[in-house]
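The chain below stands alone, shown as structure tokens; this is the form predicted on its own.
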């Protein structure tokens, strides 16, 4: 039997988390397991308004972990995230699915986490001070911490950030793979390149081979070709019903090239 415990603040919810407990946000993945009889013994939830808060902080935007994909799509100031949120399931999933829940959704879900890693987003943990890079949290997916909010740097233009999801069923199929790139530039040269992949390892991960190929170059045909050639370096994709590991590695460069060419056009 599963029990549901509701707390007025995130701090109280964080203290209540423990063995056999899971945080209940949108429930798009969690409730499937509960209904199948495989869910956790305790569901912890919170009515804290901070969970659904959206706040601009200079060049960064802070989103509560309970902000839904539909809410992101409704916010004009979050237009740089719209192409990502639009690829998360269908309308029903987007109405319920939350930012925090997507962070720890198991393969083949969790595409939004890929974009957050590429952007260098940081997670604010409930009941703790400071923030941690989202990419660090991906190494703790077996025992995820309670995330209160995500701090996301804003790209300055469409040439700086891009996202691509590859699926066999359009428009809302699960990912064969997903890839995101954040390419800030100084003087026309890429400085601080970040590339992230989904469905190319045990959790969303950085594409360090592609990053090295992009760093210091211009976003042009030659740089894009170098990045595509190094796209699969360090990746360890799974074999599943959607695609084999061999196939995913073979097409990684093709899809990275398509994403970068789209970003080049702005």
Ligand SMILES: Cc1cc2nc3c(=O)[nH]c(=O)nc-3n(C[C@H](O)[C@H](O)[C@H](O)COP(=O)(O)OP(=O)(O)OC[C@H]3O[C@@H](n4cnc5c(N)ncnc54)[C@H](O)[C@@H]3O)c2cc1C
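Just so we're clear, the structure is a prediction, and the values are computed from it rather than from any experiment. Residue numbers count along the first chain shown, from 1.
Form predicted together with the named molecule: not shown, discussed below.
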{"property": "Partner proximity in the model of the complex: residue 104 to the named molecule, non-hydrogen atom cutoff 4.5 Å", "result": "yes"}
{"property": "Contact of residue 97 with the named molecule in the model of the complex (heavy atom, 4.5 Å)", "result": "yes"}
{"property": "Touches the named molecule in the model of the complex: residue 30 (any heavy atom, 4.5 Å)", "result": "yes"}
{"property": "4.5 Å heavy atom contact, residue 69 to the named molecule in the model of the complex", "result": "yes"}
{"property": "Contacting member of 127, 133, 184, 144, with respect to the named molecule in the model of the complex [4.5 Å, heavy atom]", "result": "144"}
{"property": "Contact assignment for the named molecule in the model of the complex, among 88, 123, 78, 176, heavy atom within 4.5 Å", "result": "88"}
{"property": "Residue stretch of 188 to 196, 110 to 118, 152 to 160, 70 to 78 approaching the named molecule in the model of the complex, non-hydrogen atom distance within 4.5 Å", "result": "110 to 118"}
{"property": "4.5 Å heavy atom contact with the named molecule in the model of the complex for all of 25, 93 and 165", "result": "yes"}
{"property": "Residues in 36 to 68 close to the named molecule in the model of the complex, defined by a heavy atom within 4.5 Å, in order", "result": "65"}
